[in-house]
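This document opens with one chain alone, in structure tokens, the form predicted alone.
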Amino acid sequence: MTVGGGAGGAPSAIDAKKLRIYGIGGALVGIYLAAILNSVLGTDIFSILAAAGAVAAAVMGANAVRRVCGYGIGTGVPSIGMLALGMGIVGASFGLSTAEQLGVSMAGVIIALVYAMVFGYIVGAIANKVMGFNIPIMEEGLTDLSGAGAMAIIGWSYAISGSLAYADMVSKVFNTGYLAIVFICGGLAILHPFNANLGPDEKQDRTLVNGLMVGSLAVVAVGLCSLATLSTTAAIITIVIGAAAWYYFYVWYYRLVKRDAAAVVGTGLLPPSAL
């Protein structure tokens, strides 16, 4: 996250275009690498790679939230995160189901990404031109958010189902109710970083490291879900790596909080009179 020096000791911002490449590229590489390695080697232990790819997409989404919500939409910060996953579910379902009907399941991720980003642009245009938000980057932001949501849904759903087949996603993720966990955890990974760091001292690196931290928690959550759908080994690998990543990014985030805070003090317990 360090890209040269910036004001207040913080690194200068990473360009949105670069983060888009990192997010989409990381998600596609993680998901496809997991699918190919699992298929070729006849295992499911590489499902963690798809979960990691979903984290990359979520960080891209978190940056889109900070850019759009930086215009001051207030309580819309949580809403836009839920919108991202809502658009993502539509895109993921359309892409995977269409690919399955065409007999090319592996193409479902690409179809889902393209459809989701077009869908996001249309929603952004409606928000600006019909609802009157008048945010200059609304279309671009919702395009990124929809794409990030679709990749997060597919990546974490793959980590539960171990398959890109739409029928497997439906039976192991949708019908089991695990989709709700993917939706909430994925939404938090996208919306919570800016929601937790907004204000005049918000810094991109601190916000995005928070996204990596919450995204790692989502990996732990889908790992727990996969105990019922994948091999115990694959599930434990996902849980352990997710927990280790969460701890690493938690320590990193706390260090950034101390860097940016005016003061870090311990208040102790509340006095009995205040309880």
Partner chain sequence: MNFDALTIVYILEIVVGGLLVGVGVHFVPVGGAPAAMAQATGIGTGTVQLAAGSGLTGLLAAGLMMSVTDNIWPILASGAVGAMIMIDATMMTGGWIYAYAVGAPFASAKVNYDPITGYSQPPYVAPGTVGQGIPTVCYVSGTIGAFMGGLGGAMIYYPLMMTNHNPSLSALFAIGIFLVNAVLASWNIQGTIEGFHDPKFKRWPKAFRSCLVATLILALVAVTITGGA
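Owing to the predicted nature of the structure, the values given are computational and were not obtained by experimental measurement. Numbering follows the first chain given and starts at 1.
Only in words, not in the display: the form predicted in complex with its partner chain, which the text now covers.
Only one of 137, 110, 198, 170 lies close to its partner chain in the model of the complex, with a heavy atom inside 4.5 Å, and it is 170. Of the listed positions (117, 188, 83, 99), a single one reaches within 4.5 angstroms of its partner chain by any non-hydrogen atom in the model of the complex, namely 83. Using a 4.5 Å cutoff between non-hydrogen atoms, residue 204 does not count as a contact of its partner chain in the model of the complex. Interface membership of residue 123, defined by any non-hydrogen atom within 4.5 Å of its partner chain in the model of the complex, is confirmed. Its partner chain in the model of the complex comes within 4.5 Å of a heavy atom belonging to residue 87. Taking the partner from elsewhere, residue 93 is found to have a heavy atom lying within 4.5 Å of its partner chain in the model of the complex. Contact check for 33, 246 and 254: none of the three has a heavy atom within 4.5 Å of its partner chain in the model of the complex. Along 123-161, these residues reach a heavy atom to within 4.5 Å of its partner chain in the model of the complex: 123, 126, 127, 130, 131, 133, 138, 142.
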